Structure formats: structure tokens, C-alpha cells
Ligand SMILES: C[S@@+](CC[C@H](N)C(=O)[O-])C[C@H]1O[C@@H](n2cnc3c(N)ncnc32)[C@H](O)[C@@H]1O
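Okay, here we've got a single chain as C-alpha cells, the form predicted alone, with questions on binding and movement later.
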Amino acid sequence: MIIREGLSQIFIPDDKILPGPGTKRVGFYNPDQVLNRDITVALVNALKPRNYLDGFGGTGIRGIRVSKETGTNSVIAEINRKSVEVIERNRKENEVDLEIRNEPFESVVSRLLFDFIDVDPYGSIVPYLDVALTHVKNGGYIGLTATDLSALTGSAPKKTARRYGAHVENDRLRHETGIRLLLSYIAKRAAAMDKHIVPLISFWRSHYYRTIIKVSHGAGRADEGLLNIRAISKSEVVGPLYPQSEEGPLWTGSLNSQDVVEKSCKQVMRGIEAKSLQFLGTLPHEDARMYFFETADYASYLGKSIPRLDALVELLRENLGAVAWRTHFSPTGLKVNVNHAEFLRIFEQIAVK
């Protein structure tokens, strides 16, 4: 089967495309991650790294697109020999000059110097994180895609404790929690190596979380970064409609860099879908406050129905001069630059109406 994505034409050996996190099979292609790859290509074009590694090749679509659409020197690592044959076919089909290595990710990343390492495995990033942090160039970037959402959202609490050393509640705020737990773990592992991270983009989509971080050396900066990690109670951070339950440790700093996002969105690139750049442009709104107001929870708290969000946003603006944004973490959530008491007062007004 031949599919087109970006400016590339890719052969995949299966007769049908299967959505979701996928399995380890020859030439695996995930259509659900087009957004992931679009945003990666835009950021690579904005950040201008010299050497990019696609650490888990599959069909080679990610590395091929980065090479073809940004001109960045790219290497693809793939341990499966038959998948390497698929990647080689796709490399020739797309006429890109990149290197293909039939070796494990750990082998390639430890012998070559990269300033952008992309880690997109099947499941957790945990087995691959330390080697990526160890070998990425100072001031370089790591892209990480995690599909172990059951652990990161707390729906498998024993796995959450075992893998991430944390406790989190599996509630309607779980996907922001999951991103913050992932970043907390990454920042702690980096700090153990006297390294500091800055999240550039972070988002949830379907079955995966995606974050791209900048990594810099320095024990002092690493110590400063650890100040962004602590246990929290949603009762205190959001409001008393949530129980007094300590969760974490979680990343409490920014999830996105507005400067990097804006620079990436300005890239004029024919291969990137307009809706991908539109989605990317909304991500800095997630840093308006830590956690969003989940209107489904407030409606349940008051015993009312969920109001129309546009009407609620307008009432917040008229009464408080507030600015509100929809959050991608929930279809019924709002990021608003007010506190719980102010939000509850306006919510009660519209709930009565």
C-alpha cells in the first residue's frame, strides 16, 4: 500500500492501516500520529538542528519527512532488518539523502552526536530516556512520545507507582496530570545527570503524549529546574470540589514555549496540514494556569447541567474581564485567568439561567 503524508510518498507492507498505539510489526505506520509528525517537522525547521535522529524507524516516515521538508541531516535507526528494507525503499522513492542504521536505538545514539533525538517507541519512554539524555548535545533537543497512558493517568496505579514513583488520580483532569507526571520524571532523570530541561511543546492526542524538550548542562540550572517539581492537591490548586489528595510528584512549570511555538507556526511549509499548525498555535494557552476548570465537574458539584461554553466564556468576560481558552485536554474544559471562587460565582449564575 502507498500512502502520502507531507511531501512524502510511503510504502507500507500491510494491506490496511491500523490506528492506535500499534504493535511491533514490519514497517509499522500510525496514521494517528500525523499531527505529531507535522508539529515535529515544523519545530525542526524552526530550531535548525544540524543532526536529527529518528530512533525508531518503522516505515521511516518521520526521518524521511524531516530530511525532505527541512533539509536537516537525518539518520534513521531500526533494529528490524525487514523494516530497514522498507525504509530503504521509501528513501529511494522520496529521493532523500539520509543514513539508515540497522542497529538498536541505544547503539546508534551512543556512537554518533545528535542535537535532536526523537524517541517514539512502543509504550513507555522509560527504557530509552537515560541514554537519550546522556548523549544529546548540550543545548540540543529530545522529542518524546509516550503511549503508556494507563500508567501516566493513574488508571493502573501499581504501574504508576512502579514506573514513575508517583500517585495520581484518574479523574477528568487526568491528561494534564499525565503530561505533568511525564515531564516531572524527565526533569528528575536529567537533573540526576546535572542537566536542565525546558519543555518547548507538550500535548495529548488520542493514545499518546508528546513533548519536545531542550536539554542544557549545568548542576545549578538543574537544581533550579527541580523547583518546578512537587506534590500537589487539586483541592488547593483548582478548588475544594476536588478531594484533599496529594498527587505527584508533578511538573508545575510551563508546558510550552510561546516563542518556539510562534516561530514554528510562522514556517511556510507545504507539507504540513493547516489544522496541525492551528492546533500548535493554541498550546501556549495551556499555560494560562495550572490545570483547567472542568465544567463537567462544576456542573456535578452544583447538581446542574453543563452550560454552553461560549455563553460561559462571554459571561466571564463581561463580569470579570477574564480571558478564557478551550483546552485540548478536555472537550468541556476551560483555561481561565481567574481563581476558583470567581469561576464558581459566574458558573452558578449561568447554571441558574
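Predicted, not measured: the structure shown is a model, and the values here were computed from it. Start at 1 with the first residue shown and count on from there.
Another form exists, predicted together with the named molecule; not displayed. Remarks below refer to it.
Hey, in the predicted complex, does E106 get a heavy atom within 4.5 angstroms of the named molecule? Residue-level check for E106: yes, a contact with the named molecule.
Taking heavy atoms only, is Y128 within 4.5 angstroms of the named molecule in the predicted complex? Yes, Y128 is a contact residue.
Is G253 close enough to touch the named molecule in the predicted complex, meaning at least one heavy atom pair within 4.5 Å? No, no contact at 4.5 Å.
So in the predicted complex, does R65 come within 4.5 Å of the named molecule, heavy atom to heavy atom? R65: no, not in contact with the named molecule in the predicted complex.
Would you mind picking out the stretch of 54 to 62, 316 to 324, 294 to 302, 281 to 289 that comes within 4.5 angstroms of the named molecule in the predicted complex, counting non-hydrogen atoms? After filtering at 4.5 Å, what remains is 54 to 62.
Full three-residue contact with the named molecule in the predicted complex, heavy atom 4.5 Å, for R180, Y208 and S276: No: none of R180, Y208 and S276 comes within 4.5 Å of the named molecule in the predicted complex.
Looking at P121, G239, G140, G154, which is the one with a non-hydrogen atom within 4.5 Å of the named molecule in the predicted complex? Here the answer is residue option P121.
Of these, A190, I272, A77, I117, which has a heavy atom no more than 4.5 Å from the named molecule in the predicted complex? Contact with the named molecule in the predicted complex is made by A77 alone.
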